[in-house]
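What follows is a single chain, given as structure tokens, in the form predicted alone.
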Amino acid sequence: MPEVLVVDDSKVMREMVVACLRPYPDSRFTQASSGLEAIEQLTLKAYDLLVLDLNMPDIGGIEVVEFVRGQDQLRSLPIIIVTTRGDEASRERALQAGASLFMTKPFTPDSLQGAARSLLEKAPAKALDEAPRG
């Protein structure tokens, strides 16, 4: 059962991402409204996929990607960046930091589902052990 962490400061956007991915069989979703909250969640629970915005009020998406890639237990966690920043510099920076895919808003449900399916099929069963960490 894929565990997905959806991080965006917009509740509407988080709900839209969840609605787009809900048809993915047996997925379970956790939502975070900031980069700091995302990092807290990532230290508490194992996830199979991280869907992340770049623009957030405290810790930005790039910094969250850098945190994930700096952790041995999280290094293989697939990350989809979903952002309004469609410029090439943002795309390059996100991918260089370690994002798996970069998508711009607006996106279609099919494109997000396809990206998630592709990454989940390639990923190891869990990026972390099932046990919570302290």
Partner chain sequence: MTAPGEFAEFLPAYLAEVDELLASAQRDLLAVEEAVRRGALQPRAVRELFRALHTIKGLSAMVDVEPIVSLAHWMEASLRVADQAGGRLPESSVEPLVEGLRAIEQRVRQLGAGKPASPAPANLLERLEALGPQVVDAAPRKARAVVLDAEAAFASRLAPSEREQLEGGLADGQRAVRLDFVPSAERAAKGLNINTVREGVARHGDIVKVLPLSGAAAGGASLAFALLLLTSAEDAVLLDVVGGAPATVRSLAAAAPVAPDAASPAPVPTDSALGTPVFEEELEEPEVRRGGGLLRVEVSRLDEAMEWLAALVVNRSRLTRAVAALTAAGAPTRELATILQENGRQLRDLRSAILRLRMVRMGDVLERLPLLVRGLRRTTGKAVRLELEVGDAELDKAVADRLMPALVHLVRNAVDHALELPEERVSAGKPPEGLVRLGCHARSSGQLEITLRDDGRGVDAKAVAKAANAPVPESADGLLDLLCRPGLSTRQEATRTSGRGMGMDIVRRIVVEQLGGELRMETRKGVGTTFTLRVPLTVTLVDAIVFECAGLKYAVAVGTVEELIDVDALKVVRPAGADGLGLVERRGAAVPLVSLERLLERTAPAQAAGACGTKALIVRQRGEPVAFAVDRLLGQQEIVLRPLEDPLVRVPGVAGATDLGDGQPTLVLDLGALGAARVGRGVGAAQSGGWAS
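Numbering follows the first chain given and starts at 1. Treat the numbers as computed from the prediction; the structure is a model and nothing was measured.
One more form of this protein should be noted, the form predicted in complex with the partner chain, which is absent from this view; the next part is about it.
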According to a 4.5 angstroms non-hydrogen atom cut-off, is Ser27 in contact with the partner chain in the predicted bound form? no
Do Leu49 and the partner chain come within 4.5 Å of each other in the predicted bound form, heavy atoms counted? no
Test of understanding: in the predicted bound form, would Arg75 fall inside 4.5 Å of the partner chain by heavy atoms? no
Indicate whether the partner chain has at least one heavy atom within 4.5 Å of a heavy atom of Ile79 in the predicted bound form. no
Would you give me the residues of 1-21 that have any heavy atom within 4.5 Å of the partner chain in the predicted bound form, in order from first to last? Asp9, Ser10, Lys11, Val12, Met13, Glu15, Met16, Ala19, Cys20
